[in-house]
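First, one chain by itself in structure tokens, the form predicted on its own.
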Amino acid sequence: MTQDGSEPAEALSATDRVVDVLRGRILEGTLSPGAALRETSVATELDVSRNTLREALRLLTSEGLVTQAPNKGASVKAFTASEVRDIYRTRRVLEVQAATESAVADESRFTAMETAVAAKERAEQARLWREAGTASLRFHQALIAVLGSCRLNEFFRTLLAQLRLAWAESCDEERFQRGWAARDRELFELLRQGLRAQSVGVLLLYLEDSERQVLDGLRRARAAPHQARTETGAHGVAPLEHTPRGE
């Protein structure tokens, strides 16, 4: 068992390994909503049979990370606003509980959190926004590890992969990630000092602001295609400007 609660690669079956690889790519932001997962090319790349890949895609579909449609194949899932709200509702329950129990957590848990926070700070300073997002997710995964439950670790890893897809669809990485390193650091320091009430208060505000940012981004993303259609007319042709006679 690794520190974040996942199984070591050598312990995984071929199907589980494919699930782990594709979920990891989603979590790291290299697979975006709507990306096609073509059986032949993905199976060849991962050196597995198409049957193994199909089973992995079935499992990822059950995790809410992939969608499969008849005659269209598999693709990475896109999330709705209501699904985003449910993700954050779940985060509040689990992360607040972890923050509450962190006062008696083993020091190794804080080491994992601090490593992720430091990685977030370095990535933000270097303007590596995708890496910054991944580091922030790993910080919150390390927070959940405080609860000491392998099942919760696994569940939360999938939840964070879903969250990464919501981020990807809602706005560009820079807009979303800029400025959050300081907030991760603030939360971590409160947790390490065992200040339960303060850390829970900061965490709740953190999650509220993050949820609002994602939902606002989704609204902008949904409005953009409609705006483009309005500006180009019903048939995709820009309407001619009316020029008054004599000008």
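Sequential numbering from 1, following the sequence displayed. No experiment lies behind these values; they were computed from the predicted model shown. Whichever C-alpha set is largest while still superposing within 1.5 Å between the two forms counts as the rigid core.
We do not show the form predicted in complex with the DNA, though everything after this point is about it.
By the heavy atom within 4.5 Å rule, which residue out of 215, 190, 207, 48 makes contact with the DNA in the predicted complex?
Spelling it out, the residue with a heavy atom inside the cut-off is 48.
Taking 130, 161 and 177 as a possible spot, do all three reach the DNA in the predicted complex with a heavy atom inside 4.5 Å?
No: none of 130, 161 and 177 comes within 4.5 Å of the DNA in the predicted complex.
Contact label in the predicted complex: residue 39 to the DNA, heavy atom within 4.5 Å
Residue 39 belongs to the contact set for the DNA.
Is the gap between residue 72 and the DNA in the predicted complex 4.5 Å or less for some heavy atom pair?
Contact check for residue 72: yes, within 4.5 Å of the DNA in the predicted complex.
Give a yes/no on whether residue 52 approaches the DNA to within 4.5 Å in the predicted complex, heavy atoms considered.
Residue-level check for residue 52: yes, a contact with the DNA.
Closest heavy atom of residue 14 to the DNA in the predicted complex, within 4.5 Å or not?
So residue 14 counts as contacting the DNA.
Quick one: find which of 207 to 215, 193 to 201, 178 to 186, 30 to 38 has residues within 4.5 Å of the DNA in the predicted complex by heavy atom distance.
In the other structure, the partner sits against 30 to 38.
So, superposing on the core, is the move of residue 179 at the CA at least 2 angstroms between this form and the one not shown?
No; that C-alpha moves by less than 2 Å between this form and the one not shown.
Rigid core superposed, CA of residue 41 - does it shift 2 Å or more between this form and the one not shown?
For residue 41, whose C-alpha is compared between this form and the one not shown after core superposition, the shift is 2 Å or more.
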